[in-house]
Structure formats: C-alpha cells, structure tokens
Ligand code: PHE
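Taking the form predicted alone, here's one chain by itself in structure tokens.
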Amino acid sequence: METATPRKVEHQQTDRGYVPVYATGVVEQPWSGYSRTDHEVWDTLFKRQCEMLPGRACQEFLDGVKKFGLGAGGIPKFADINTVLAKATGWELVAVEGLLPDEVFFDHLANRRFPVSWWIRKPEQLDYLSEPDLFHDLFGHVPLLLNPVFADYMQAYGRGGMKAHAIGPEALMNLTRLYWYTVEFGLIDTRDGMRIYGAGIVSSKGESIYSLDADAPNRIGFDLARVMNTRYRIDTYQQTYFVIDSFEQLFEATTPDFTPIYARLRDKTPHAAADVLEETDRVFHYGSHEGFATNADT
C-alpha cells in the first residue's frame, strides 16, 4: 500500500463552528517523531481511563487492553499491535492523517483494516476534542477488534457502508446512525450489569460516568430500524444510549440486506435523539431529560 509523508489534518474552526476536513492518505506511524509531551498525553489519558473503567467497560474491552499489553509507557507502536491483532482476528491498523471520507473508511473496514489517526491531542484537549485522534482510535476502538464476533461485525459494517454509499445519502445516514449508536456510543447488558463498549464512551472520562450513572439520558434496548431512524448529538453527551444484549445480537442484525429497511425508512420522519417510543421501545431507563437541548440533533 502506498504511503505518504504524515500530515496532521484537523477540523477547521470558523465563525459557524468546526468544519470537517478530510484526509485520504495512509502513512507510516512516525513513532520516533512523537514528543515527550505526546507520550505524556497518552500516559495521562490511559492511566485515567484504566482507573475508571473496571466495572464500567465490558469485560471483552478490558481483556483486549490487557492482551495488547497497552500501558502508560508512551504511545504504542502500531506494528506491535498488528502482530497481536493479525494473529487473533486478521485485522490490522493503518495510520491515517485524520478523518476519512465515507467511501475510503468503508473500504478499510470491509478489508479488515482499521484507520487510526497517527497524531494525538494536545494537553489542553484532554477532556474534549471535536474529532478522533490517536487515543480515541487506538484505545477506544482497537481492543474490541480482538473479539471475533465484534471484529466480524466491523467488517460487515464496512461492506454495508459500500452498498449504502452506492444507494444514496439517505441510506448512508441510516447506516451512520447505526455506527454512532453502537460502535461509538453503545452499551451492553451483561450478567454483571450494564456496561460500556462504545469507543466514544470508553475514551472519555466524563461520558464513562454519564452514560451509566446519569439520570438524564434514556437507555433503550437495541432495535436495528429504530436505531437507524434516530438522530443523535455531536455537541454534547448522548440523550439516548441503545443497549445490546450481546455482540452476537449486533452481528446477527447486520446479516440481512439493509436495502428493504432503507426503503421502509425513506418516508419516515426520524426520531429526535431524546424520543422514547412508548409502545415499542424496550426501556431500561426512562431519562429525566434534564438540561437537554432540542434543536441541534444530527
């Protein structure tokens, strides 16, 4: 695969907020170029999350962190991660410069390649970054790729993404919502209680607490069409979290062709992020909705 000289591609701040800037290049991880500050940022974030996540993150995630040997010893080398990952599930990490266009991202997933931004946030961005960086991508996403069922789900998602991209923007939005509410912000109901598996939560100190403990958000049982037709928030913690029963449930939901679902949803008004459907939702927790904004769903 052709590589390029690494750039750090970040969203641009404008008077209308952040504007996404996309990159397409696959690069070599410039490990020797990381500064002492870069390594300290990784160590700080890693230590903070690992102290918090036992009893909150699902065991499969915690096991993945352990199997990779991730630790507070500086930014890991992708090559070392790939040695373990390829043997376990046939996946590999590829270093990228920033957020990828949809079709490029889907192609990577469909071929069992997970894109990881090579650069890490600044010390003043420990608690919030508007885009995925190395810590979010590597710590948040990669440990679960050691789980065979979740690894297969991610590949199936990539293949589904290629199909949705060809169908059109509405189908693509439906599929984006599935990724958002599972891979990024999913919860799982286990015999030990509700746990986190979404990367956007496990990589965030605040949302690791909020998603499980706060009274405000809804926690609703996973239903594929319901998730695909539910808008979400990009500017705050989520107003609704969808809860799967198992990773097998998640994978089995991706087995059918989504085309009939896209067609069925085409003329339906999407649900607001905070909506609870009284007659059909399996509600684990009916949120108080305290402090919710109502006009900025995506």
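In case it trips you up, residue 1 is the first one in the sequence shown, and so on. If you're wondering where the values come from, they're calculated on a predicted model, not measured in any experiment.
One more form of this protein exists, namely the form predicted in complex with phenylalanine; it is left out here, but the text below deals with it.
**Student:** Between Leu187, Leu109, Leu175, Leu138, only one gets a heavy atom within 4.5 angstroms of phenylalanine in the model of the complex; which residue is that?
**Tutor:** Exactly one listed residue reaches within 4.5 Å, namely Leu175.
**Student:** So which of Gln49, Gln29, Asn229, Thr254 gets a non-hydrogen atom within 4.5 Å of phenylalanine in the model of the complex?
**Tutor:** Selected residue: Thr254.
**Student:** Looking at 81 to 89, 159 to 167, 201 to 209, 215 to 223, which lies within 4.5 angstroms of phenylalanine in the model of the complex, counting heavy atoms?
**Tutor:** In the other structure, the partner sits against 159 to 167.
**Student:** Against phenylalanine in the model of the complex, would Tyr237 count as a contact residue? Criterion: heavy atoms within 4.5 Å.
**Tutor:** No, Tyr237 stays farther than 4.5 Å from phenylalanine in the model of the complex.
**Student:** Can you tell me if Phe68 lies within 4.5 angstroms of phenylalanine in the model of the complex, counting non-hydrogen atoms only?
**Tutor:** Contact check for Phe68: no, nothing within 4.5 Å of phenylalanine in the model of the complex.
**Student:** Against phenylalanine in the model of the complex, would Tyr34 count as a contact residue? Criterion: heavy atoms within 4.5 Å.
**Tutor:** Looking in the model of the complex, residue contacts with phenylalanine do not include Tyr34, since no heavy atom lies within 4.5 Å.
**Student:** Could you confirm whether Tyr153 comes within 4.5 Å of phenylalanine in the model of the complex, counting heavy atoms only?
**Tutor:** Contact with phenylalanine, yes.
**Student:** Would you mind checking 257 to 280 for residues with a heavy atom within 4.5 Å of phenylalanine in the model of the complex?
**Tutor:** Contacts from 257 to 280: Asp257, Phe258, Tyr262.
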